[in-house]
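Only one chain comes next, encoded as structure tokens, the form predicted on its own.
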């Protein structure tokens, strides 16, 4: 299965929502579409699903045209499953009936025995076998979301689309469901496109992340590339925390008015070098009581178990530093900032 998004654009009247989006998603991949509210990520998912027809570009699945401005394969004829932001469960149907529903609509050529086998497998994979006879109002939030997942995967779709499926859950349950989604992806091998505004979800679940900003692709790459090698200031600030230091580059050495430090082996994007900026993650800095680096003074500290989060003033800059708890400095201590 290969999904190709080919120069997709979308406008509502004079309002442009998506601008020239292109990507290819391979078999078994888990791609997260990440961005702020209003960046166009759900619109892109709706175009892939067939709910919306693009105003420009094409969507192809295994070389077959699924969408363009003049043609769109209906959603029910696409080999895709969908998990919505809301659970979208019917109160009068049991869990088993929910999971069987796609087979009744789209797999009428299957015998009842074959349908029963598929339903039993989907319930087992999602951990719902013992709850098959219950109704939605008898389930917890996490169990309801697993029903949505089971319903989406029961027919063995080539592509599973997920639109912010964890946003309605509380923090602890979201973390638990991340593990469930990852486990189900490993078990089924289904290709997944996962829309989210949560950086933690995207980083922990994905093979690749597409970051959208204002309807355009800001960067696409592995979680490691996105986090460690941001190509723009937006990416560096949106994904995690980042210090932006002003100065001048000389190879891997970055010079500021307060001193210099070496960024060894860092693939710093050309955009940062041109703008005389060095992006440094808080955990990429360490504090030392002596030696080379930027001289600074500890302004604030917060104990966070294994880490201490410091705010260190150096000249006109205020650095955020995440250091191991064993490296304990007091407010007012003079320190040197170095790259790990």
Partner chain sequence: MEAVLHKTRHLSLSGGSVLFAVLAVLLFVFPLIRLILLSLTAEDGSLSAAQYEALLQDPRAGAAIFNTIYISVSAAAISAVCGTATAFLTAYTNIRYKKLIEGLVFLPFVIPAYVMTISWTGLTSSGGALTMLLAAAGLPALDLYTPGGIIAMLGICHMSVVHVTVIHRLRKIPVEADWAARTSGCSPWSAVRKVDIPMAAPAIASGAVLAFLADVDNFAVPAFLGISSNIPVLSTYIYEKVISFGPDSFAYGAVLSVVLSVIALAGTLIAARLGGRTDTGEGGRESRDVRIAFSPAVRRTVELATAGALIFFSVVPFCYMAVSALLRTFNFSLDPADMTLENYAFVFTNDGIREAALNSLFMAGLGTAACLALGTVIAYGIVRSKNRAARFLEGCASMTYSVPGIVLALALIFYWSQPVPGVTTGLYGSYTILILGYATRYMIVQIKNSATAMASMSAAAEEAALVSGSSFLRMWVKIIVPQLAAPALAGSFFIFLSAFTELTMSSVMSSASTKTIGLAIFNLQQAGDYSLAAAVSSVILAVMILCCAVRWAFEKRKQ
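Keep in mind the model is a prediction, meaning the values are calculated, not measured. Residue numbers count along the first chain shown, from 1.
FYI, the form predicted together with its partner chain isn't displayed, but the following is about it.
S.K.: I'd like to know if residue 106 sits close to its partner chain in the predicted bound form, meaning any non-hydrogen atom pair within 4.5 angstroms.
M.R.: Although its partner chain is absent here, residue 106 would touch it in the predicted bound form, with heavy atoms inside 4.5 Å.
S.K.: Any of the heavy atoms of residue 146 lying within 4.5 Å of its partner chain in the predicted bound form?
M.R.: Contact check for residue 146: no, nothing within 4.5 Å of its partner chain in the predicted bound form.
S.K.: Can you tell me if residue 81 lies within 4.5 angstroms of its partner chain in the predicted bound form, counting non-hydrogen atoms only?
M.R.: Output for residue 81 is yes: heavy atoms within 4.5 Å of its partner chain.
S.K.: May I ask you to state whether residue 303 is within 4.5 Å of its partner chain in the predicted bound form, using heavy atom distances?
M.R.: Because no heavy atom of residue 303 falls inside 4.5 Å of its partner chain in the predicted bound form, the answer is no.
S.K.: Report the residue, out of 102, 230, 215, 165, that has at least one non-hydrogen atom within 4.5 angstroms of its partner chain in the predicted bound form.
M.R.: The option sitting close enough to the partner is 102.
S.K.: Looking at 139, 158, 169, 89, which has any heavy atom no more than 4.5 Å from its partner chain in the predicted bound form?
M.R.: Exactly one residue meets the criterion: 89.
S.K.: Select, from the options 72-80, 190-198, 109-117, 126-134, the stretch whose residues sit within 4.5 angstroms of its partner chain in the predicted bound form by heavy atom distance.
M.R.: After filtering at 4.5 Å, what remains is 72-80.
S.K.: Run the contact test on 272, 276 and 323 with a 4.5 Å heavy atom cut-off to its partner chain in the predicted bound form and return yes or no.
M.R.: Heavy-atom distance to its partner chain in the predicted bound form: none of the three under 4.5 Å.
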